[in-house]
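So here's one chain in two forms, each on its own in structure tokens, numbered structure 1 and structure 2.
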Structure 1
Amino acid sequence: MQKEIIQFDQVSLDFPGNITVFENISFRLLEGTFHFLTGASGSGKSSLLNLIHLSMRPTKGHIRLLGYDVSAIKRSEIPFFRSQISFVFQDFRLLDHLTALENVVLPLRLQGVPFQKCRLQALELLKWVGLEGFYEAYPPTLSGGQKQRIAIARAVITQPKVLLADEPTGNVDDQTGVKLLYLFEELNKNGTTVLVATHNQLLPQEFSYPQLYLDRHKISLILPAEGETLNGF
């Protein structure tokens, strides 16, 4: 039986100046599922991912991650969740002074794993994302698609339970975007829960996965087969 890995319960998020982003949204994601997070620009896709990645705190409501209530989490407990929930950023967030290989091993190095122990794993991952031969390349010398692949390899090296991706195809061409999605799909088949935020409506059509749709501070679920929309699920 699949467990709930992400659970939002009546969560609201307001920004200073009475700007409401979400209002009492509730949803649950089961372990090993793949979802798109869609909605117009400014609908709050990034904010929702940030709430899951604990980069923001809700104004109201409860969030449960990996079975724990994280609504009032202590700062010192955040690294534990971030080691289980990886994030692929639209702007890659690579360290320019490190090589591709060094960037990929970074999350493990931060957990105290010696470089030599994680080197082989990182080489395999870079090969997997199609960057064989770019191990010693520095990010500024690479294309957007290559940088995004490094970011994906870095995100999965810790074998996370959840992978969040914020517009991962936003800075790459359509063909590269689809290839990146195949990588996410492959990860999902290995058991990782994937949530991909995108404003590109073609991706949910190409990949038949359910969508969490954000609109006017509310969330709804769009199932792929029938295009059926479920509100307040």
Structure 2
Amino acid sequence: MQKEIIQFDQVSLDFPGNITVFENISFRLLEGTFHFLTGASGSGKSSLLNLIHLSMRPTKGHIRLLGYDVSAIKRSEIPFFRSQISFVFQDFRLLDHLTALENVVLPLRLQGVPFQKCRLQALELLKWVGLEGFYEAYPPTLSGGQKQRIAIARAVITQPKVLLADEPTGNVDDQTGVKLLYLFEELNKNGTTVLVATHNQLLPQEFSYPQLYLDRHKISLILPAEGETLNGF
């Protein structure tokens, strides 16, 4: 039986200046599922991902991750959850003084895995995302699309329990974007829960997974087969 791995109960998020990002958001994602997170620009998609990644705290409400209520966890407990949840950021967040290969292996190196043990896995991932021959390149010498692909390889190398991706195809062409989604799909088949924020409606059409749709501070579920929209699920 699948367990709930992400749960929002009446979660609200406000920014200074009485700006409401969303209010009373409730939804539950089961482990091993794949969802797109969609909605207009400014609807709060990135903020929702940051709440899951514990980069922000909600104004009110409760969030449960991996079976734990994390709404009031201590700072010292955050690394445990971060080790289970990988994030593909819009701004890449690569380390400029490390090569592409060194950036990709970094999460495993931080877990104490010897470099030679994770090197082959990193090389395979870089090859998969189309960066064969760029293993020793440094991020400042690469294009935005190449940096994005390094960031994706780095995010998936740990085979995390949860993968969050914020506009992961925004800096690549459509063909490469679909290929990267296939990589996420393979990770999902191995048990990782995947949540991909995107404004590109071609992706939900190409990959028939449910959408969490943010609109007017609320959230609804769009099922791919029937096109049915469920509010307050």
Partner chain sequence: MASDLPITKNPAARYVPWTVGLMMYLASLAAFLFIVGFHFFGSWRHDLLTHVTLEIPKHSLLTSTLSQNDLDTLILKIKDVVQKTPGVTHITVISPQMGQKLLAPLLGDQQIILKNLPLPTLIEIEKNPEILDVSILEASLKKIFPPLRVINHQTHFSKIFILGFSLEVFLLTLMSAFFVTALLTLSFATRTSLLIHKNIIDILSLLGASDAIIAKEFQSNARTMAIRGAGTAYILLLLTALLGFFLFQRHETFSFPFFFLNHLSWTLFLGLLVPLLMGFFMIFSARLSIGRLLKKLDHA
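Computed from a prediction, not measured in an experiment: that's the story for all the values here. Rigid core (definition): largest C-alpha set, two forms, superposition within 1.5 Å. One-based numbering along structure 1's sequence throughout.
Between the two copies of this chain, it is structure 2 that is the form predicted alone. The two rigid parts rotate relative to each other between structure 1 and structure 2, and of N50, Q159, E185, P139 only Q159 lies at the hinge. Rotation of the smaller rigid part against the larger between structure 1 and structure 2, from C-alpha superpositions: 13 degrees. On core superposition, P114 has its C-alpha offset by 3.5 angstrom between structure 1 and structure 2.
Taking the rigid core as reference, the CA displacement of W128 between structure 1 and structure 2 comes to 4.2 Å.
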